[in-house]
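Next up is one chain by itself, shown in structure tokens, the form predicted alone.
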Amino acid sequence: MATISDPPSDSFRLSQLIYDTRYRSMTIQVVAFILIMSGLVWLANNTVQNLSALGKDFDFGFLFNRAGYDINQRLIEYSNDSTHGRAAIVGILNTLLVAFLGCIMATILGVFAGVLRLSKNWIVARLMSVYVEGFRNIPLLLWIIVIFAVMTESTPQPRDFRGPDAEASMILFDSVAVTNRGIFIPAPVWGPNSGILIAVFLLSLVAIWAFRRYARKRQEATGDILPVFWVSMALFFVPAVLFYFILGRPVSLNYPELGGFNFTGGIQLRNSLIALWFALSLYTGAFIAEIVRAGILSVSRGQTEASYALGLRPNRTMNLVILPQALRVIIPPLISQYLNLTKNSSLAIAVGYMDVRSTLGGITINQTGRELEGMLLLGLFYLATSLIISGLMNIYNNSVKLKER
């Protein structure tokens, strides 16, 4: 009687790590990882030895020493008695402020310019072409300096606002002053119950998001189009205004007033911030315009003609048919433009805007002599910021891309 037994299983042999294609790639990756880490360890050890030979050590204790210098534009309390660490935080916040404002303004400019460049109106299309080509082909540094010079030289001095026959006057119901030292705007004064008002405003934003999500799902399911814009406007303004009066006007405004040689009160937006903000926005907006134009052109013209045949107007065709499909082409390069804008903000040193490059990467390094530690922290900040922006935009990209079955 014959019996059939299972074939013997192959036992693992070390030679398979080299000759077996199932394990060879893993072997190569492990060897490459070990070599890279060994190189980094050797580089770090060599750097520490060289610093020791120069009488230096690798220490971040300088962050707790007194800074001794002033920062003109800041979002948190700071004085020259504060530490270098706090000066670095002020610079980081200034960098994030100009990057945030620049990304918003560049997106608005880029979308409008990209759409209008495809306009059938010859003048409008050519004007957008001049804007795109003009800003895209001239270095950003020149635009920063030009806008800063215009803001400084073409605006009145604070003393021009003085007297009955003043040469200059405030705008927007005497609440905003545009001077050669910057723009002064009213500052909010937070009183009792202002926290409740802020909570109501945040809840309104959540309600707007929920309603827009509901409207989109209902449109996909039934085809009914809800008045999203007007409902969003009502949710944005009505609850906040009602609670503002119900809570007894908890938020007031501190208006700028001319006193001495300059305006006092309010919030001062320095010309360096405005010049950097405008230049970054206009420069990056030109690139975004080309990205938007390419995304729109990537959508088949037949879909536009089909939507017109169904009776959709051009604006609804753009919002409901073209832009949703163009976003899958627009968003990936848009992420790169946001990263470029954030990193280009380091050119702020040209107009004296105190960003993280000027504080941590400039004055702090010059005063402490900790160039290696300072540059390491500066690089880590830009790396972390870029990764966060990329991560958030990738999440948004996954939420709007076409879902295939």
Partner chain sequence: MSDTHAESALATAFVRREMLPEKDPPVAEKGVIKWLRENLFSSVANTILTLVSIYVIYWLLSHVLGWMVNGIWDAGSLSECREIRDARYGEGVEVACWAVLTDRWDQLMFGFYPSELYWRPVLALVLFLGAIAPVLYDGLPRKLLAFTAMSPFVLYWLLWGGTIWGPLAVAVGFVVGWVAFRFLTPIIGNLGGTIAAIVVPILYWFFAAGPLAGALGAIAPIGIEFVPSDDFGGFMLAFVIGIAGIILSLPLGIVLALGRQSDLFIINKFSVIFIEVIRGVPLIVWLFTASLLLNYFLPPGSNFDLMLRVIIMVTLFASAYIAEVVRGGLAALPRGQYEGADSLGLDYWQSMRLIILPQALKISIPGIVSTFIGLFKDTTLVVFIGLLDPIGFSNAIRASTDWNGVYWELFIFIGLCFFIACYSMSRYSQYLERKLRTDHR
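These figures come from a predicted structure and were not determined experimentally. Numbering follows the first chain given and starts at 1. Just so we're on the same page, rigid core means the largest C-alpha set that superposes within 1.5 Å between forms.
Absent from the display: the form predicted together with its partner chain. The rest refers to it.
- Shown alone, this chain has one stretch from 77 to 85, 262 to 270, 136 to 144, 229 to 237 that lies within 4.5 Å of its partner chain in the predicted bound form by heavy atoms: 136 to 144.
- Among heavy atoms of Ser346, some come within 4.5 Å of its partner chain in the predicted bound form.
- Contact check for Arg13: every heavy atom lies farther than 4.5 Å from its partner chain in the predicted bound form.
- Within 4.5 Å of some heavy atom of its partner chain in the predicted bound form lies at least one heavy atom of Asn340.
- Its partner chain in the predicted bound form comes within 4.5 Å of no heavy atom belonging to Phe64.
- Residues from 20 to 36 that approach its partner chain in the predicted bound form with a non-hydrogen atom closer than or equal to 4.5 Å are Arg24, Ser25, Ile28, Gln29, Ala32, Phe33, Ile36, in the order they occur in the chain.
- With a cut-off of 2 Å and the rigid core superposed, Ile349 has a Cα displacement that falls short of the cut-off between this form and the one not shown.
- Relative to the superposed rigid core, Gly39 undergoes a CA displacement of at least 2 Å between this form and the one not shown.
- Once both forms are fitted on their rigid core, the CA atom of Gln49 lies 2 Å or more apart between this form and the one not shown.
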